[in-house]
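There is one chain below, alone, in structure tokens, taken in the form predicted alone.
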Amino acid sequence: MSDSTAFFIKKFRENTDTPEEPGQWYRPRPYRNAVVRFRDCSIYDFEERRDILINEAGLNAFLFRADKIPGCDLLSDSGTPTMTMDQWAAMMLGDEAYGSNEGYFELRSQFAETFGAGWCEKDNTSGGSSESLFLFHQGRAAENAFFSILARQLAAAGGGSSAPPSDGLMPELKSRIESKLNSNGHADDLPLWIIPSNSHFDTTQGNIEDKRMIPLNLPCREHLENDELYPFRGNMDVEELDNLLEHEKDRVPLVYLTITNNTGGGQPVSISNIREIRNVARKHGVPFFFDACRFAENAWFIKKREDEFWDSSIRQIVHEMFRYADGFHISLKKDGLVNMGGALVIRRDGDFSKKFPHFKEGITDHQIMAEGHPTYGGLPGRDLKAIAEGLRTVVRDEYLDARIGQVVRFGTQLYEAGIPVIRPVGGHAVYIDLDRFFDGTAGDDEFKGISITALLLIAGHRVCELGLYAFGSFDGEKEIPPEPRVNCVRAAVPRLAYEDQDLFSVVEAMKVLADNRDRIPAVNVEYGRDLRLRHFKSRFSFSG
């Protein structure tokens, strides 16, 4: 009997260990559906969706009614996850005390457990703010507070210079900074502050520009050259960073690294690159921060692609990643697996705390004025409980295997259908490369990313243009494309929300557009072309 069962166990194990491909199902999901919701709209309501799209939403995917989407809503993976039963159970135990509620202390402990020793430690031995964890109702609120207080303290310190960028900069790098100065309307008498990153996302860029700083993207060469074989296309160009800090370090208050690199196609950053950035930043005396929204997904890619860590747990990799940072900002609506929440965390003994010793007091004041008491940061106590549970779940290997495996299968299906996507496929989304999609077609394709998002809405699915319109700008006469150039449509997959059948139906709709790309109409911008963060607010019409 044992020999017979051993044979079948061996065969079952071989099946289970076979790499998954679309259409092959060797492993079940590591979870099951506990609750489902039927939609009140039908996939067959094409004409109704067209009318809403044109007459109400002005072709803007952000303005289209979510309750009229019968297919996949892939506008964002932010705040859109299906929470687990453990999270819902934790919410029932939420403590809604105004100050120092139970959930705050649980969350602070969980931050230290998830991100490693040294984070969220409290120092009651010295004067001033003793906190390291600063809570906000969502990530961009934390982002806004961070750069607001930073700009205020830089101004108070009287540093910076309004002189032109140094001639010692690499010519291409200097040109990009000057282009940013011109496009942002930076006044000649204002100090020039630069925030370098691998790639800033739209609202991060907006928050930095709002504080009269320059968000500077330094993506690695492999990404710019579209090297599909390179496993860490989210890396920062360390040579450019070193050159920037060599000649302009007094204008760089911190280095900012986004993990994973959302603007760059959801691509991961290697620990090797993180270490190099840390070394360069420390050599020049500049603090180092993470935009850590998708930290767990980034750790999964490190485990799979960086030889040093193949036998490490996700938690161990996360600890190693965060060992090199002086602080981080995070939207907990991503890898916190919740619908709302954000945080700013500053290492108590890090370089940033030493350089800006009064920063924590400024952040605490901002919290009290804008978010409420610092121990709830604009969030109900029950949400703090859900976040703590989410941070426990997100570092589980089986969760990440299922989550990222689904996104990769989705991207593979698109690629095999002849639709150019950024490869390797990233962790939270699939990015369609519009320059390659429309290569060889006739006519104006400047904003046809908007056309694709509009036509997919008619098909019943919602995606987002993150390209020439989202990241570009209009100077009153001509369009200024993003530098480096970004031109994609993003399909961001909510966590634990859809099954493969749902995502593969998006592939079929996208294939209809690809097979008839010569007939995709251009769009006119009816409103908002000259606005900041214009893709959230603009209205369009089909030109034909």
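Quick note: we count residues from 1 along the sequence shown, nothing fancier. A quick note: this is a predicted structure, and the numbers were derived from the prediction, not measured.
If you look for the form predicted together with a small molecule, you will not find it shown, but the lines that follow are about it.
Is Q413 part of the interface with the small molecule in the predicted complex - any heavy atom within 4.5 Å?
Outside the cut-off, so no.
4.5 Å heavy atom contact, F201 and the small molecule in the predicted complex:
Close contact exists here: in the predicted complex, F201 approaches the small molecule to within 4.5 Å, heavy atoms only.
Heavy atoms within 4.5 Å of the small molecule in the predicted complex: does L74 have any?
Outside the cut-off, so no.
Is S78 close to the small molecule in the predicted complex, meaning a heavy atom pair under 4.5 Å apart or at it?
Because a heavy atom of S78 falls inside 4.5 Å of the small molecule in the predicted complex, the answer is yes.
Among 99 to 107, 432 to 440, 331 to 339, 346 to 354, mark the stretch whose residues have heavy atoms within 4.5 Å of the small molecule in the predicted complex.
One stretch meets the cut-off, namely 331 to 339.
Which one, R403, K448, K385, R294, lies within 4.5 Å of the small molecule in the predicted complex by heavy atoms?
Checking each option against the small molecule in the predicted complex, the one that comes within 4.5 Å is R294.
G327, G377, G427, G139 - the one with a heavy atom within 4.5 Å of the small molecule in the predicted complex:
By the 4.5 Å criterion, the partner-contacting residue is G139.
Does the trio E143, T258 and N262 actually contact the small molecule in the predicted complex, every residue with a heavy atom within 4.5 Å?
Every residue of the candidate spot has a heavy atom within 4.5 Å of the small molecule in the predicted complex.
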